[in-house]
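The chain below stands alone, shown as structure tokens; this is the form predicted on its own.
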């Protein structure tokens, strides 16, 4: 039996594996949203040439997925804006009636943030990269804040970053980004090496709910955990509270054993207002995708009760 906090893992985990795509070596760290009465997603597929490519997928219930064996289609009017063969860790958000995709779009100068929009999950229109490299783990907020678009991200480096803090940036047009603000950084324990934003924040009366990943640098390598924070609704760089205790840890066999052992990487969150619950999708050991659910009020109460003082 795995340890449980407020999140309960689904009995059908893992819900996506390499078996979902013929050329896949692994599928993990992927994005999911409710769409047209069902679900759509963008999946990180590490293929057998060990390039990382993004594939779209569809599901009736968010658990049984049909994933396109071909990489997603991306269009752009600017040849200088391209999709890398090392594209990974996508996030999705519905913003002003359009779904936006952010991902890590690798460049020779290091990881950078890619940005695209779609209305049908068949064709994606690639936009300008928001930030110069190196940077990764970017998520858009689902609405404008004080008249500006907003994004959380983690400036990085060209290696497997042994550090990392979360920053907030805003834009008047989804092209020009500035007003960068520090949100939070590592804290001793399971999040003592680095932190990074997970799914797009969820607006609640208590603040923006952010599920994030924290990394502990042990004597045997990095271990990835999931934590939670509440951010101020109008000034989201201000942290209301943040978990001292993790929400999910790599304890199940499919989280401990894989291409990169001991990884829980939250990358999507679906809110069910009709039941008051949330479902988090997360990558497991850089190998497969699983899901866990929680009551939203209980989750917020847990974050407030088990907060960093």
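Computed from a predicted model, the values in this text were never measured in an experiment. Residue numbers count along the first chain shown, from 1.
A second form of this protein, the form predicted in complex with another copy of the chain, is not displayed here; the remarks below concern that form.
Enquirer: Though only this chain appears here, would residue 178 touch another copy of the chain in the predicted bound form if you measure heavy atom gaps against 4.5 Å?
Expert: Although another copy of the chain is absent here, residue 178 would touch it in the predicted bound form, with heavy atoms inside 4.5 Å.
Enquirer: Using a 4.5 angstroms cut-off on non-hydrogen atoms, would residue 25 count as touching another copy of the chain in the predicted bound form?
Expert: Yes, residue 25 is a contact residue.
Enquirer: Given that another copy of the chain is not shown alongside this chain, does residue 71 nevertheless sit within 4.5 Å of it in the predicted bound form, heavy atom to heavy atom?
Expert: Judged by the heavy-atom cut-off of 4.5 Å, residue 71 is well away from another copy of the chain in the predicted bound form.
Enquirer: Does another copy of the chain get within 4.5 angstroms of any non-hydrogen atom of residue 256 in the predicted bound form?
Expert: Yes, residue 256 lies within 4.5 Å of another copy of the chain in the predicted bound form.
Enquirer: So, a 4.5 angstroms cut-off on heavy atom distances: do all three of 58, 63 and 229 pass it with respect to another copy of the chain in the predicted bound form?
Expert: No residue of the spot touches another copy of the chain in the predicted bound form.
Enquirer: Which residue, 234, 96, 119, 85, is the contact with another copy of the chain in the predicted bound form, using a 4.5 Å heavy atom cutoff?
Expert: The option sitting close enough to the partner is 85.
Enquirer: Going by heavy atom distances of 4.5 angstroms or less, which of 214, 130, 207, 201 would be at the interface with another copy of the chain in the predicted bound form?
Expert: Selected residue: 130.
Enquirer: With another copy of the chain left out here, work out from 35-43, 275-283, 63-71, 261-269 which stretch has heavy atoms within 4.5 Å of it in the predicted bound form.
Expert: That would be stretch 261-269.
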